[in-house]
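Form predicted on its own, single chain, as structure tokens, below.
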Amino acid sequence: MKMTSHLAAIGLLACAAGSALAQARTEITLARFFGSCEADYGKSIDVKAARGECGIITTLVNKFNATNKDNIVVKPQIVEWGPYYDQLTARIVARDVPTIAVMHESSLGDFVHRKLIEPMDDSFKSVGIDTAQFSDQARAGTSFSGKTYALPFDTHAWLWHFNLNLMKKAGLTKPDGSPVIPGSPEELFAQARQFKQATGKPYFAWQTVNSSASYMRTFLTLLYQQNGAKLFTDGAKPRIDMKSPQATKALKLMNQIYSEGLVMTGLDYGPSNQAFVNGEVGVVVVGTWKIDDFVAQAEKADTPLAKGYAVYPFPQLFDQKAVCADGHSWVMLKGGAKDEASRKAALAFLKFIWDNDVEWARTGHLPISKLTLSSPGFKALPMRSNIAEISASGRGIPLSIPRQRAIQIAVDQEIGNMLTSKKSLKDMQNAAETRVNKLLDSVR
């Protein structure tokens, strides 16, 4: 009888201990894009073995869940990039707010001005995230009126990715094997025509179907490369100017590239990158986020990219170096952390992300920590010296301009209409201005 009582007491203690552990578990949610790759990385915590955006963010979350000492579990909520912001807004309205959400710095301003995000300076300081170590671009992209509203994740920009094997066949490589890069519109057309004649393939690929950003990024890059370029008027009620000499010159250049058949058309995002991997074009114009994927392809034998890949910023074709740039960041929206335990858990995860800045930089994005930028680990990554200038030449739409995501989509669609549906330049400029200025007028 005595033994039975003793065993019962042990059982009660075990139950109590288990109950305590269950209560100590803190689950938080993480809304993000970057794709889903559960089949390849769903259970992996080997971050250094992961490749590409999806692989690295997936293994980072897995590793945090497996190694943190506070029984915190991060639950990813993965959404496609296209509808991401519409879904996030709908969730805020429905009060189904994720604890942490990824956000482009170009979109951050709208959420700050709507008072959906609080300053994070004191919270970051409490967990050892030193905002003084943010790169200049990261600081500018996440700060409003001197206060920090997000943890920057990267700086990304618009690049030319070269198939050196095809460029060599076209006689467009230098003695050291690097590509011949145009320095003017005239050189661009001469080299693209030479490439097409030698290989029978288009010089370029980029997303031409279902685009919501690719045309706009090329347009902004060509615009900002011209002296005196300005897309928006100053003042409390900014207006877009699509008819300036600089904007018109950029649009005419894009139009001529299309009309001469120098771009492979009819391609969505994935197929445009696949055309490059398959050796169907010489250059794919896409962002920093594809570097690691293309490096992985070039490391494989018997592929069109084998030992023949290089990447450089969008070339300077006009007066000055400039390239369209943006950044990813992590935000804690109001109502996302349901209690103090969730808030502390979210900050612990953000500190983990901050400490692993160099791992995310392996995707191809530029890191957001000055310490990482100067670290041997980052400098040892392939071809980073080619794109280091982005930290100085990267430009986006001024943060003072609201509704940037909607503006980007509107202009992108109108440029696409001009290129693929033969809408006249004048009609395209009028339509873009009407749509964008209506958006700006709707801002209260």
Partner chain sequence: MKAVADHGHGRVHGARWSNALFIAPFLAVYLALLVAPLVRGMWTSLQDLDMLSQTSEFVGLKNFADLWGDEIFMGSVRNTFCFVLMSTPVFVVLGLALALALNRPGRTGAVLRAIFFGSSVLSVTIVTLVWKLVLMPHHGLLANLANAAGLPGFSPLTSEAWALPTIAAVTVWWIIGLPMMLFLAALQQVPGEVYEAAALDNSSRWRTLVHITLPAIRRTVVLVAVIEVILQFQVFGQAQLLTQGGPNNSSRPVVQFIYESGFTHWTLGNAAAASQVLLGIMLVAMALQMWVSGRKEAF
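Numbering follows the first chain given and starts at 1. Keep in mind that this is a model prediction, so the values were computed, not measured.
The same protein also exists as the form predicted in complex with the partner chain; that form is not shown, yet it is the one meant from here on.
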{"item": "One stretch from 109-117, 215-223, 350-358, 235-243 that, in the predicted complex, holds residues within 4.5 Å of the partner chain by heavy atom", "value": "109-117"}
{"item": "Contact at 165, 190 and 393 by the partner chain in the predicted complex, all three, heavy atom at most 4.5 Å", "value": "no"}
{"item": "Among the candidates 383, 388, 45, 406, the residue which, in the predicted complex, approaches the partner chain to within 4.5 Å (heavy atoms)", "value": "406"}
{"item": "Interface residue in the predicted complex among 248, 342, 71, 265, criterion: non-hydrogen atom within 4.5 angstroms of the partner chain", "value": "265"}
{"item": "4.5 Å heavy atom contact, residue 413 to the partner chain in the predicted complex", "value": "yes"}
{"item": "Contact test in the predicted complex: residue 122 vs the partner chain, heavy atoms, 4.5 Å", "value": "no"}
{"item": "Exercise: residue 253 in contact with the partner chain in the predicted complex, heavy atom 4.5 Å", "value": "no"}
{"item": "Residue 292, heavy atom within 4.5 angstroms of the partner chain in the predicted complex", "value": "no"}
{"item": "Residues in 86-124 close to the partner chain in the predicted complex, defined by a heavy atom within 4.5 Å, in order", "value": "86, 89, 90, 92, 93, 110, 111, 114, 116"}
